[in-house]
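One chain comes next, on its own, written out as structure tokens in the form predicted alone.
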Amino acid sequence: MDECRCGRPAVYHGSGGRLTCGDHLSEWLRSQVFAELKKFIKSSDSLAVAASGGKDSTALLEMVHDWNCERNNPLPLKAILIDEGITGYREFTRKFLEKFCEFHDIPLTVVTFRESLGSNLDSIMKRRKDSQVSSCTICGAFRRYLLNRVAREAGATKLLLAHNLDDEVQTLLMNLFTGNVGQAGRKGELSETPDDLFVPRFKPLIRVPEKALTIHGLLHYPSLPDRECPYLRESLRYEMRLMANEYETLHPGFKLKLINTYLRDILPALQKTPPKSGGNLQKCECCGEPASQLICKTCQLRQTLGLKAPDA
């Protein structure tokens, strides 16, 4: 049996051949997250964590909570759950997250698609027959919209997202494959804009592999629901996920090398060159939220799908 450096059975085989037991895996994860928090969080910040009740956001929420408790002056911290209304999936993760936040005394705000848009995602998917828009495009646009608005209204100065290394590699590949260089230039650990209506987005897990978080979740959150979004496999992201995993198998360390190169070399170059379109922010004519066009992406989708204006 493979062993960790401490002599205990290894549960994780990291890049560079590193073998790690459960305790040392958790210690490494905490060191990664704490270093990112120390680097990007200010003493004047108010934090909101986008939580779903899944393995990634649960680990992030707990580690941010622990880091915050160790501070001499803890920062305001809250969790935000966007309940899309996906039957057989979200109700289980929501229940887990509610218990988790209650146990750790973390304020939790839950916002649902049904309350905000008049329809849950399952119902929206049934009415998209004449639209070629994918479920992930619909869900992602509405989730980002609601997370930003709820975080801003709660007074958060940073919105923490549990996007891991695999997520970021997939997003980068999607942007490159679809020619969306403008989006690729707005990513990174901390995404900020000059518009006060946008809450800066921070990704402390950007260099942490999904596999490490999966094993950590199995060891530390045994009651965490083992559920997969039923819409996952119809997305372009799923195709990029398969491709990236194949390259990682053939060339171990591929994902981390790609993200490090992107953050170190590609992103700074993209940020020096403003996008040819969509660079000027304005208020959406329909909802008043920030947009790069007269009507924001969320309201365009809402009109296409026949949904009411958010919270109208």
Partner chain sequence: MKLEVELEKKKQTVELKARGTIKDLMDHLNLILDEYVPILNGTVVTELENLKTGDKVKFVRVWSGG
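Residue numbers count along the first chain shown, from 1. Everything quoted here is computed from the prediction, not taken from an experiment.
Heads up, the form predicted together with the partner chain isn't pictured, but that's what we're talking about next.
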Checklist entry - Pick from 148 to 156, 113 to 121, 74 to 82, 236 to 244: which stretch has a heavy atom within 4.5 Å of the partner chain in the predicted bound form? => result 236 to 244
Next on the checklist: Within 4.5 Å, heavy atoms only, which of Q282, N260, T273, T249 is in contact with the partner chain in the predicted bound form?
Outcome noted: T249
Checklist entry - Of E91, E189, E98, E210, which one comes within 4.5 Å of the partner chain in the predicted bound form, counting heavy atoms only? => result E210
Next on the checklist: My question is simply whether P200 lines the interface with the partner chain in the predicted bound form - judged by any non-hydrogen atom within 4.5 Å.
Outcome noted: no
Checklist entry - L224: heavy atom within 4.5 Å of the partner chain in the predicted bound form? => result yes
Checklist entry - So in the predicted bound form, does any heavy atom of L232 sit within 4.5 Å of the partner chain? => result yes
Item to check | K297 within 4.5 Å of the partner chain in the predicted bound form, heavy atoms | outcome: no
Checklist entry - in the predicted bound form, which residues of 48 to 73 put a heavy atom within 4.5 Å of the partner chain? => result S52, G54, K55, D56, S57, T58
